[in-house]
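What follows is a single chain, given as structure tokens, in the form predicted alone.
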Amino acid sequence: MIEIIKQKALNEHIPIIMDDTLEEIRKIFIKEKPMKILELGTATGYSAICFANILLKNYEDESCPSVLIDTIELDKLRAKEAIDNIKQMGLEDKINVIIGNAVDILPTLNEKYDAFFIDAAKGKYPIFLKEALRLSKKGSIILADNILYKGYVMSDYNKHKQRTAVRNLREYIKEVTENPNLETQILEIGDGLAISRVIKE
């Protein structure tokens, strides 16, 4: 079923997490064992389902792990498809889809999360980071996908069409690499993955 969800998204040109990025996150989640995750950018639910499966398999020797993934999606049709896919996978009690604009929804959240996966509007990454830091605790992991954005971020790219996204992704990288409360590495896998650990409250 998960392969069907993946292939349908690829066929319809819906952006989903790349295989090598997912493998890196799998390693992180197996090591860190996050119980509560916030994802920005649900799409059709593929990444959230993968994350839930990784964590549930990781905890299969333990009784009733309270793994919970909150995931925010702006597009109502994609969110509906995600909800249907999640139900078909039997994960509706583990994955909670929130429909709306993450910029508006994030300030209304007050729970602390063990991990964040940012994969929504590239031009909003600095806003997403600010909110992730507010909702984090010592040891939380903040993952930002597509951080190198087709190579534009590390080049002299300055075309009008993607200028705002590229500028704000550069701002995100600057913030996570210079913030003394974070330890960050930027991996050139997939379309770039920024991994930041919160080292201070």
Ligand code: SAH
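Heads up: residue numbers just count along the shown sequence, starting at 1. Note that the structure is predicted; figures quoted are calculated from it, not measured.
Just so it is clear, the following notes concern the form predicted together with this ligand, a form of the same protein that is not shown.
- This chain is displayed without this ligand, yet in the predicted complex the stretch 44-52 from 129-137, 44-52, 168-176, 30-38 comes within 4.5 Å of it by heavy atoms.
- At a distance threshold of 4.5 angstroms between non-hydrogen atoms, residue 17 is in contact with this ligand in the predicted complex.
- For residue 91, no non-hydrogen atom is located within 4.5 Å of this ligand in the predicted complex, even though that partner is not displayed.
- In the predicted complex, this ligand sits beyond 4.5 Å of every heavy atom of residue 116.
- By the criterion of a heavy atom within 4.5 Å, residue 86 is excluded from the residues contacting this ligand in the predicted complex.
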